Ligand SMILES: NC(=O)c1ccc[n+]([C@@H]2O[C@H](COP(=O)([O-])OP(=O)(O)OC[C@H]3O[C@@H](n4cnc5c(N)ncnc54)[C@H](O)[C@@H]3O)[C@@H](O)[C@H]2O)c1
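Next up: a single chain in structure tokens, the form predicted alone.
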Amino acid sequence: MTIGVPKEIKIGETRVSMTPSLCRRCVSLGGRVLIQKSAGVTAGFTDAEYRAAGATLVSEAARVWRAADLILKVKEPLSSEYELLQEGQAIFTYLHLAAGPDLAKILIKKRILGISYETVEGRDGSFPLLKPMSQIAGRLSIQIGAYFLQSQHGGSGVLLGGIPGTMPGHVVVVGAGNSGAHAVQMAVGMGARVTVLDLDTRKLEALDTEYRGRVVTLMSNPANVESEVADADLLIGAVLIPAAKAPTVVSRKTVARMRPGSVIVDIAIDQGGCIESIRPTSHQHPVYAEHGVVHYAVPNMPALVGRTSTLGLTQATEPFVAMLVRRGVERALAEHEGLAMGVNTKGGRITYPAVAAALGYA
């Protein structure tokens, strides 16, 4: 099997889908690895390291795509890469098709076997390849929010931790899953007042137990969302339904009630976002203001910490990549139910029910 690793081209993307360590593992299993030159540089991995690990380095992305049986990426193919996809090829990456109808059409047309990181399941029903990026995005959301709360960046000038004699900033986290829980952890660590809302009482109970009353936990109903969001200095949108389009939890009307200079960071933007007023931004232009509120919605937020993100992602993907190389794609999918759950497109069809429903193919 030939595994192709093209350089990521999304704006501001610094991650790479294969480390030299993972490359060495694939080569030891009999795989041939083609890596585009400088693909790992922004994550801190040199071409020399990949060459020493047994990879063949090529200059042009097209050569990687044309020769590969399996394309290994971090982010979904962009429009400029659509023509590079080979008929019947397999690709293993974050696809986020519920928010990408044009990509879905191309994958169907070219009969691509699209295996999506975000829907691969563990034996316990968890999503092990989504988890590390959710954790990083959750932690970064507070760091980013604190930055844009600064007066010189258009924020209200609130210090999240405050100082003695002043009120600390109020952080409201909507969604208590992986990303939300890590956002809570960072916000508490910075000394903010923290409120978290979720529909799952078990998640709220776990956070209440962990922080011993330091965090206010509330059921996520319209009344609670409206009152807490209106009082937030920093709102974190962290509602995610794997593979499906994120539900709109905070309305534009509610956003309009927030204080001028407040900040919103929507972690769910990969799946369309959970804030009605949100739209995707980029690392080049990360924020915009609406209703006097600063909105941040960069889909590839973890690229801000490319080294950590790459290591976190590849240590999670390695067992699955190794399985694909050792057993072959079709056999690996037949033998591992959790990996098979990652298949979103196959044979010219959308095969994952939530994606099909979101795109109108159900």
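Being a predicted model, the structure only gives us computed values, none of them experimental. Residue positions are given as counts along the sequence shown, with the first one as 1.
One more form of this protein, predicted together with the named molecule, exists but is not displayed; see below.
*If we take heavy atoms and a 4.5 Å cut-off, which stretch out of 176-184, 148-156, 206-214, 103-111 is in contact with the named molecule in the model of the complex?*
Stretch with heavy atoms near the partner: 176-184.
_Every residue of 3, 91 and 119 near the named molecule in the model of the complex, heavy atom within 4.5 Å_ = Not one of the three qualifies.
*Within 4.5 Å of the named molecule in the model of the complex, heavy atoms considered, which of 71, 258, 240, 278?*
Checked against the cut-off, the match is 240.
*May I ask you to choose, among 269, 229, 98, 142, the residue with a heavy atom within 4.5 Å of the named molecule in the model of the complex?*
Comparing distances to the named molecule in the model of the complex, the residue within 4.5 Å is 269.
_Taking the named molecule as it sits in the model of the complex, is residue 134 near enough to touch it, meaning that at least one heavy atom pair lies within 4.5 angstroms?_
Because a heavy atom of residue 134 falls inside 4.5 Å of the named molecule in the model of the complex, the answer is yes.
*Closest heavy atom of residue 294 to the named molecule in the model of the complex, within 4.5 Å or not?*
Flag for residue 294 set to no.
*Taking heavy atoms only, is residue 306 within 4.5 angstroms of the named molecule in the model of the complex?*
Output for residue 306 is no: heavy atoms all beyond 4.5 Å of the named molecule.
*asked:* Is it the case that residue 200, even though its partner is missing from this view, gets within 4.5 Å of the named molecule in the model of the complex, heavy atoms only?
replied: Heavy-atom contact with the named molecule at 4.5 Å: present for residue 200.
_Partner contacts for 292-306, taking the named molecule in the model of the complex and a 4.5 Å heavy atom cut-off_ = Stretch hits, in order: 298, 299, 300, 301, 302.
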